[in-house]
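This document starts with one chain, in the form predicted alone, laid out as structure tokens.
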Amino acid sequence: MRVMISGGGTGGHIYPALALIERMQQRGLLDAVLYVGTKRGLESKIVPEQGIDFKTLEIQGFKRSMNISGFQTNLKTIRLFLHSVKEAKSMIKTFKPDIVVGTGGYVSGALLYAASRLKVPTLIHEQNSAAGVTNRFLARFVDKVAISFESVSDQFPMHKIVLTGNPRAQQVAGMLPNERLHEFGLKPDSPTVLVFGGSRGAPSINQAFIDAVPAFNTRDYQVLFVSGRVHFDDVQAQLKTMTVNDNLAVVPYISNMPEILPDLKAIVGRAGATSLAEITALGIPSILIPSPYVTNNHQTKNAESLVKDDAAILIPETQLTGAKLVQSLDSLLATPDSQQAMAKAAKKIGIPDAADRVIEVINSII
């Protein structure tokens, strides 16, 4: 099978695409794959590192402001989109894909729209519980829409929807406990909580952790805290004035973070689609602090989809403090029955064969 795939801008669009590619390779289904992204997006670094053929289109998003600057920007966006569609058609005619798959981001809009005009089979994947602007635009043109949350189904044509889950879930579903916590000076056999604010870190979560350090020092559980590279020096400067006991580990970044997930008792972090796919695939209790800075407040909607089934705890960022963080973790970890119930509820929501489900949809379209 020859597959063109596109997902750009953020890891939430890129990692599901890569997970799908990996699973198709494992099953011997890929004859060739071409990933289409942008030069500026995160995909331009991540995808080539995976040894996947990569081409780019030049495209940008619309501005919501209606002043002169916004109007000029949006005119340029339209010109770039039309030019990218033309380039995308040329790529498609050269590569001759059996299917074109989009996982979100403006660049996938140009590629999938071009494919639909050329009558090439098309599929989009929506990771969040609130549909992105690109996928909402594409839904009328593509053959099928794969979704990760049932709550997003009312935002797409019903006859095109298939609930598949997020392919990222299948990458982590089979992972087993290991002793990687040793790398951070922590004990693998001690209850451990991961606190992080996404790949770049989150200042509000970082500050809550710093404020909670005196209390965490006295707890019988461990905390592995990931600040994000850009914030690490600032965090370290504040921690130098404090006592930090050996049950706490502070790092800027963790490579291949999913490897440590099976050794965790709980996770504190954002409610991005990739994180929730991993949490539910493994059944890990979580305290979610959705980012208020994302489009359509989709992280809050993601988190609420778990909270309504008692699969997570939600703390709005406006209510997050060091004391609130410690209180929530103490309450969760002090009651094994609550922990187990939340873990079971999270795993019930998870779809551990998500990549295979997407492949089934691809086969049905072709």
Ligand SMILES: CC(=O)N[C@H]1[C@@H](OP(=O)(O)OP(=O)(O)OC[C@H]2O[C@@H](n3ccc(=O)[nH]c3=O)[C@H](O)[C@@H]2O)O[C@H](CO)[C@@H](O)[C@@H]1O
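Don't overthink the numbering: it's just position in the shown sequence, from 1. Remember, predicted model here, so these are calculated numbers, not experimental data.
The same protein has a further form, the form predicted in complex with the named molecule, not shown here; the description that follows concerns it.
- Contact with the named molecule in the model of the complex, judged as any non-hydrogen atom within 4.5 angstroms, is confined among 139 to 147, 88 to 96, 247 to 255, 232 to 240 to 247 to 255.
- Among heavy atoms of I161, none comes within 4.5 Å of the named molecule in the model of the complex.
- The named molecule in the model of the complex is approached by S199, whose closest heavy atom lies within 4.5 angstroms of it.
- Shown alone here, V294 lies within 4.5 Å of the named molecule in the model of the complex, counting heavy atoms only.
- In the model of the complex, S286 stays away from the named molecule, with no heavy atom inside 4.5 Å.
- Of the candidates T122, S84, S275, Q170, S275 is the one whose heavy atoms come within 4.5 Å of the named molecule in the model of the complex; the others do not.
- Interface residues of 9 to 30, taken as those with a heavy atom within 4.5 Å of the named molecule in the model of the complex (partner not displayed): T10, G11, G12, H13, Y15, in sequence order.
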